[in-house]
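Presented as structure tokens, the chain that follows is alone, the form predicted on its own.
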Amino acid sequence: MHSFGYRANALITFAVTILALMCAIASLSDNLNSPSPSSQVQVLNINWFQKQPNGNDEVSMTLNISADLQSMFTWNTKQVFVFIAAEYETPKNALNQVSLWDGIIPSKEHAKFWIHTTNKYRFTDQGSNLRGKEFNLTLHWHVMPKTGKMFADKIVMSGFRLPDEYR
């Protein structure tokens, strides 16, 4: 006969193996979901565009952000982190990214939204590179599952331009 400790060990090992198998199946089932999110960002106003005393450019703008991210939610989705970034090129750097707004979407019910806001974080460039600069607004998202690996993607919206002169 086997001792109590041996039987408990066998039972716990079996239970952990089944739990690991269930987590693996849950993680793999997310690969069957093909999300189709949509987003639109409008720059309604450049509130100010100025040169700071230290020589850096700074921009404040009013944005309309609308997005439908409901297709990213499955039974395995815990939450989705989203942010809007301004992306542009300068002679010194091929890609500059500045986060303007972010949010956490806790459930599918909150995944379709419309927000009228100013940029939450400063849009600042080191130097005087922003005058007349074309830039993209990009909606980035990171899907955080209950189990399995995180998934990230983005939607790029182009065709934005900053003024040629400071205001």
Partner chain sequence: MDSFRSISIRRSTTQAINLGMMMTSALMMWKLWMCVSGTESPVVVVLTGSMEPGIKKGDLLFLHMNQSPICSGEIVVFNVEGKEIPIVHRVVTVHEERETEKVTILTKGDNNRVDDRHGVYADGQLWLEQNHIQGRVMGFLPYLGWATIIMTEKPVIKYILIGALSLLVITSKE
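Everything numeric here is computed off the predicted structure, so don't read it as measured data. Residue numbers count along the first chain shown, from 1.
What follows is about the form predicted in complex with its partner chain, which we do not show.
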| field | Proximity of residue 28 to its partner chain in the predicted complex, heavy atoms at 4.5 Å | value | no
| said: If we define contact as a non-hydrogen atom of the residue within 4.5 angstroms of the partner, is residue 113 a contact of its partner chain in the predicted complex? | reply: no
| If you check in the predicted complex, is residue 144 within 4.5 Å of its partner chain, heavy atoms only? | yes
| message | in the predicted complex, is there a heavy atom of its partner chain that lies within 4.5 Å of any heavy atom of residue 43, even though the partner is absent here? | response | no
| Exactly one stretch in 43-51, 60-68, 28-36, 122-130 has heavy atoms within 4.5 Å of its partner chain in the predicted complex; which is it? | 122-130
| field | Any residue of 60-94 that, in the predicted complex, places a heavy atom within 4.5 Å of its partner chain | value | 78, 79, 81, 83, 85, 88, 89, 90, 91, 92, 93, 94
